[in-house]
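Consider the single chain below, provided in structure tokens and representing the form predicted on its own.
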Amino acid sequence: MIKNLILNIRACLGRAQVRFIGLKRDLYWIPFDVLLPLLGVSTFIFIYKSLKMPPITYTFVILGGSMISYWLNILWSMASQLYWERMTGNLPLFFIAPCSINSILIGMAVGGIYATSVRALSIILLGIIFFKIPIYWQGLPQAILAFLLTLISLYGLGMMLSSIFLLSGREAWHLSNLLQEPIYLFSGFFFPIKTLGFWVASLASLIPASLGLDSLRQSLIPESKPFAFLSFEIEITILCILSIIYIYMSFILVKKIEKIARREGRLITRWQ
């Protein structure tokens, strides 16, 4: 039992180390990874400025722009990863390894969080410097709690989607594209999801980024509370529930694909 636990921890750290090292090898890409997304975020800020919107809307945009980095990482470096590994011929190595695939997925998530946080935090810092966005620093402890729960539930969703994308075969590419732009709208990356209406916002809450952003805004921008979808406490509770559900479902789906791989000797592209 202890040996198995140590093995899976080492596998998790080993898979995360790849992304740690990869970020250090590509340091010259960091300015482009930060400045180019900031240009897109700046577009919305200048639109709000031209409409003479209050400065808190700038903070809405900056926080949403930083969260987009995590969502893209989940789509292209988590959900699609097992599919890409299959296409490159590395996936059989994952199944014959003595460790659990879950430990590999967790390592991918840890490494992805580290690499993406550099980009996300840089966007926030540059937003504070260039646009002088108002931040309520006394709410930072609440914001950290909301941020951590959002990441846990988001990457739990990414682990679950990795199995779904793998089983979908070539449709994985289309699923990644399908879940990109529409999520920008339904997660309220640039505006409060409350404006979508109660029922649409409730469905959008299945995506952890929606409630995570809403709770972050409530913590760091007290003036945004009238625009909040739900109270901070309720949103934190829902994020905890989503984290448990998505991580549990990811373990169930991993067992499913392991059974398929062992029974068929290959991974099929549909359920049987």
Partner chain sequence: MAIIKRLYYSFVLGWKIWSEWAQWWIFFGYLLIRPIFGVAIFYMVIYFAQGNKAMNLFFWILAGNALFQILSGTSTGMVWTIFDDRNFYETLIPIYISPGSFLEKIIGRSLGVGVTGIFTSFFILFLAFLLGANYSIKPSFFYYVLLFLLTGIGFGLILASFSLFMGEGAGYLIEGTISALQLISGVSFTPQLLPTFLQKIAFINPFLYLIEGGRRSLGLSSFFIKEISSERLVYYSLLTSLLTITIGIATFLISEKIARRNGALTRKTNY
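Since the model is a prediction, treat every value here as computed from it, not as a measurement. Numbering follows the first chain given and starts at 1.
The form predicted together with its partner chain is left out here; the points below concern that form.
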Please pick out the stretch from 182-190, 137-145, 121-129, 153-161 that is in contact with its partner chain in the model of the complex, where contact means heavy atoms within 4.5 Å. 182-190
Just checking whether M53 would be counted as a contact of its partner chain in the model of the complex - the rule being heavy atoms within 4.5 angstroms. yes
Taking any heavy atom pair closer than or equal to 4.5 Å as contact, tell me whether N177 reaches its partner chain in the model of the complex. yes
Does the 4.5 Å heavy atom contact test between I47 and its partner chain in the model of the complex come out positive? yes
Is T195 a contact residue for its partner chain in the model of the complex, using a 4.5 Å heavy atom cut-off? yes
Within 4.5 Å of its partner chain in the model of the complex, all of D33, L36 and T57 (non-hydrogen atom): yes
